[in-house]
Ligand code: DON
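Read the single chain below, which is given as structure tokens and is the form predicted on its own.
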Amino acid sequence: MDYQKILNTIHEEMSYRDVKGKVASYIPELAKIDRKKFGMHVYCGDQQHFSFGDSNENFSIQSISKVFTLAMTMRIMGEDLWDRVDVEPSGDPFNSLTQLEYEHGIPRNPFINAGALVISDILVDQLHDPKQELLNFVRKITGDPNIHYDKRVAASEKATGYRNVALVNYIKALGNIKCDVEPIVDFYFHQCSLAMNCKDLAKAFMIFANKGRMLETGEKILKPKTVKRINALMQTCGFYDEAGEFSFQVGLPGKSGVGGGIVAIHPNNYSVAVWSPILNEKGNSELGMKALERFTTLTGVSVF
């Protein structure tokens, strides 16, 4: 497969001018991102790399980080995690409060904000320094010791994150939060502020394409059973309330973030990351989704 030729075709065919969405503005720091940015990176099972555009520029990965914290939590709790978080698509916006009352404080899945905040509660409860442990985990699976939190984005999230604070308080009132609210939201705002590029993300997600093992060293990071669960959740819940559309158009498990990034994997084959900060009305990268649809069309390969 000539992946570089395919990526070059996508880069030539597509432009920020082709989409009409908006850069995220409810987090002030994200509103400053240049809407013209567009990059893509493919990391293959034979350790070859292919890319174009702004693929080496760092951006705030936002909800993509929820895959990392889920993986860390599953290593700690295993199947017991599902007593506190469900595994169903939500069908509602990612920051919705409405389902919690009916479902007794059990979030629909770990990728909506309510679910990710329960995950944060577990990590704050179980780890001495969860922010450092998350950095250690991401640096290990990327091989990049320079990955860091964007302090300006974290501060911007904290200054405007009233709804997430409300979610934690509401879940705590319903009995599914153990720790104090402040350290939970502090950790959550930092995880969303992780600054990574498309190459880093493609390398990080290769453990989900490679049965939990690092491609370069063969080191086992996650159990195959854990990877199976996470990939299933990415397929059904990884794109807010647009997961069905992504499955229909692209046909890969993946995860998006309102920073404009999307990462997807084809088991045993490749991981692919794309970044364009222009979001559609569902909060997903409009150009990124189009690029990934074109990618699986041109390669003729998806999980279906």
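Numbers follow the displayed sequence, beginning with 1. Note that the coordinates shown come from a computational prediction; the quantities given were computed from them, not determined experimentally.
If you look for the form predicted together with this ligand, you will not find it shown, but the lines that follow are about it.
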This ligand contact in the predicted bound form: residue 90, any heavy atom under 4.5 Å: no
4.5 angstroms heavy atom contact with this ligand in the predicted bound form for residue 113: yes
In the predicted bound form, residue 257 touching this ligand (heavy atom, 4.5 Å): yes
Any chance residue 27 has a heavy atom within 4.5 Å of this ligand in the predicted bound form? yes
For the three residues 62, 164 and 284, verify that every one has a non-hydrogen atom within 4.5 Å of this ligand in the predicted bound form; reply yes or no. yes
For the chain seen here without its partner, which of 136-144, 216-224, 68-76, 188-196 has a heavy atom within 4.5 Å of this ligand in the predicted bound form? 188-196
Between the options 240, 246, 38, 43, which residue brings a heavy atom to within 4.5 Å of this ligand in the predicted bound form? 240
